[in-house]
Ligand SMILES: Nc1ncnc2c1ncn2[C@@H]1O[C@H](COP(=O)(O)OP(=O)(O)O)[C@@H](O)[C@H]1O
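A single chain, nothing else alongside it, follows as structure tokens in the form predicted on its own.
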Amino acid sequence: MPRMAFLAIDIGNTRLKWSLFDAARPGAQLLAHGAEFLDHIERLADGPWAELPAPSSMLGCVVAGDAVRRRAEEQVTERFDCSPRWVVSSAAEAGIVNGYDHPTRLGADRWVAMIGARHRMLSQGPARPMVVVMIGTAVTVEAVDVHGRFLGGLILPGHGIMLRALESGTAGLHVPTGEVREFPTNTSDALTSGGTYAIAGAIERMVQHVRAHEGAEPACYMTGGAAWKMAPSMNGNFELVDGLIMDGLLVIAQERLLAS
């Protein structure tokens, strides 16, 4: 195992995802990876991490709150001899300029995903504007111009939240998940199709905004635990990227290492 192994952690609203790479750089070899539901974070040190050699550095992003972050930090320090470090959105980093009204209030996962997406886009060809989508408990849709400036983004409920809201606010509406249909003819399919097309419509509206603003076709990326379910219902050409946040963490880690 290389001595410069790097641990990347992404703590979302539902799960903690982790990946161990052979170096802190884009394109590094993936050595091991896994995920734990937030209720089971305490299993990491004596479970999935028990046989892993200690990484020389660690970087993560967290949106689940301080209490969850502290629980993760306890597992890192219990098992490994490296200091937990967490990304906080800033005015600019790794090729992305933050256009949020209050830059530090932008969710770290959104920030890291945009950084990962821009690095991926530049590795594929010339600079283009981007739309970056994460499909999870919540859905985020980010717009980035051709120069790497974050123009703004959308946040909307994920499919599960939509269904729970309908069930809690509509008498007698308790049906199993259905299929996405063009013309649903039962309640289960109507609910699933409605939620899917609501998300797709918001994403496609942002693509239109970016296209009009930039006068160019944006590169479109989609990531997140439920992205594969959403992708078939999209009209646009979205590239599915399994670990866009991990990609962003590798980019940031390298940039910080080179700057130190």
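This one's a predicted model, so the numbers in the text were calculated from it and none came from an experiment. Residue numbers here begin at 1 and follow the sequence given.
Only in words, not in the display: the form predicted in complex with the named molecule, which the text now covers.
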> Since exactly one of 225, 47, 194, 26 fits, which has a heavy atom within 4.5 Å of the named molecule in the predicted complex?
Replying inline: 225
> Which of 43, 209, 229, 69 has a heavy atom within 4.5 Å of the named molecule in the predicted complex?
Replying inline: 229
> So, in the predicted complex, is residue 136 in contact with the named molecule at a 4.5 angstroms heavy atom limit?
Replying inline: yes
> Based on heavy atom distances of at most 4.5 Å to the named molecule in the predicted complex, which listed stretch, 18 to 26, 247 to 255, 5 to 13, 232 to 240, is the contact stretch?
Replying inline: 5 to 13
